[in-house]
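The chain below stands alone and is given as structure tokens, in the form predicted alone.
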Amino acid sequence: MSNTSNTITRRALAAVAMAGLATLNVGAASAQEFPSQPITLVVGFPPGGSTDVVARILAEHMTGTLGQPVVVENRPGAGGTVGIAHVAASDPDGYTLGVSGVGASILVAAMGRDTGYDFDAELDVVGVMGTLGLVIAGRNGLEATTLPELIATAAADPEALSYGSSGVGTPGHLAMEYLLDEAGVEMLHIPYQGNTPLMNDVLGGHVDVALLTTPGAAEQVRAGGIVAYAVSSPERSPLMPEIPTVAEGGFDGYSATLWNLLVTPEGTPDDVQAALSEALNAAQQDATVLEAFASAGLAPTLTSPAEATQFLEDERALWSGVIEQLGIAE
């Protein structure tokens, strides 16, 4: 081979090497620069609701940590699945995130309804955005004053008590059926169209027992309108520290909570997920955020993406099993 040919070959190889190095440098710079633009956090419920409020509290703190605005966008519909379907169809670059509750993550699909996405195949779980227990409460006038007494009443007469939830297949319905199955007793289930009519009827004495969200129940318990028997979370609620957990009431290991997951489109780079996870965990350790969480009855939950994914798997096993036991899948 001539000297000229050798020179050309060396130059060509050098050019290829430089191009490869440039590509690596661009990739490294891209990872280091995240985020370089505003981030959209999709909430599948209307503004002002509990999920929206929590999302905005966390988004504000994450904005400071990430150095770019985290902007909440409401896309309500179909129990939160409309918003998550939008996230699943977005680019996996970390700039479109979603808040996925127990319904959109598990319950809707487990009951055989179409969500518009395959959660495991189309979404990555970054972290848990806090957990919230439900309150098992009763109307004034019931003889039972504790959870064991309530269960004993149901055991003595399967037709003695009724309980209300905010609808068939909702967390409240499933959490109570989970408890009744553990206790081996029955109560008549009365589904309502939401929490407001349910609360009105337990206050009015038209239903014996209700599964209620913690903030609303705490207010009525303090006012003397209803009696709280237990909270469904593994720890006592900061809003009602005097009320025992279901586990403390004789059902060791029982836990049923509401929660939200921070999710991204499947395929979001690991380093981007790590940055988002760190920002979420930092938010849940901030004093201002913790104060807001406490006032809403929320428990902070710090996880890595892998731990959050396992959290989802454990919750899916629980709720899918309850749904199968009830036979309410469509």
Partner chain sequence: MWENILLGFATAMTVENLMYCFVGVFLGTFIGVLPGLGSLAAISMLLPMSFYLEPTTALILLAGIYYGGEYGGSIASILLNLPGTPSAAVTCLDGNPMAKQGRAGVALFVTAIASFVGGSVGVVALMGFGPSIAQLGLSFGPADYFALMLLGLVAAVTVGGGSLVKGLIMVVLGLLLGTAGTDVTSGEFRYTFGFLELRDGVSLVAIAMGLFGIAEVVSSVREAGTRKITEKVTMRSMMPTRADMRRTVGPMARGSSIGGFLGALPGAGTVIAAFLAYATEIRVAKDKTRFGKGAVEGVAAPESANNAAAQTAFIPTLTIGIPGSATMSIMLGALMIHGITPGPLLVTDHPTIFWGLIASFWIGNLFLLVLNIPLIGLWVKVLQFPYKYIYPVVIALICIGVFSMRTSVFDVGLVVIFGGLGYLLQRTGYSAAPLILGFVLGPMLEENLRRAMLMARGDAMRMVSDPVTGSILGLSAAMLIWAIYGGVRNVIRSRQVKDIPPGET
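Just so we're clear, the structure is a prediction, and the values are computed from it rather than from any experiment. Positions refer to the first chain, counted from 1.
The form predicted in complex with the partner chain is left out here; the points below concern that form.
Though the partner chain is absent from this view, in the model of the complex it lies within 4.5 Å of a heavy atom of just one residue from L142, M199, M176, A183, which is M199. Residue E73 is the only one of E149, E235, E73, E248 with a heavy atom lying within 4.5 Å of the partner chain in the model of the complex. Shown alone here, T131 lies farther than 4.5 Å from the partner chain in the model of the complex, counting heavy atoms only. When contacts are judged by a 4.5 Å heavy atom cut-off, A154 does not count as touching the partner chain in the model of the complex. The partner chain is not shown here, but in the model of the complex it comes within 4.5 Å of a heavy atom of T115. Residue contact check for Y192: one or more of its heavy atoms lie within 4.5 Å of the partner chain in the model of the complex. Only one listed stretch (134 to 142, 249 to 257, 118 to 126, 157 to 165) carries heavy atoms within 4.5 Å of the partner chain in the model of the complex, and that stretch is 157 to 165. Residues of 213 to 230 placing a heavy atom within 4.5 Å of the partner chain in the model of the complex, in sequence order: P215, G216, E219, Q220, R222, A223.
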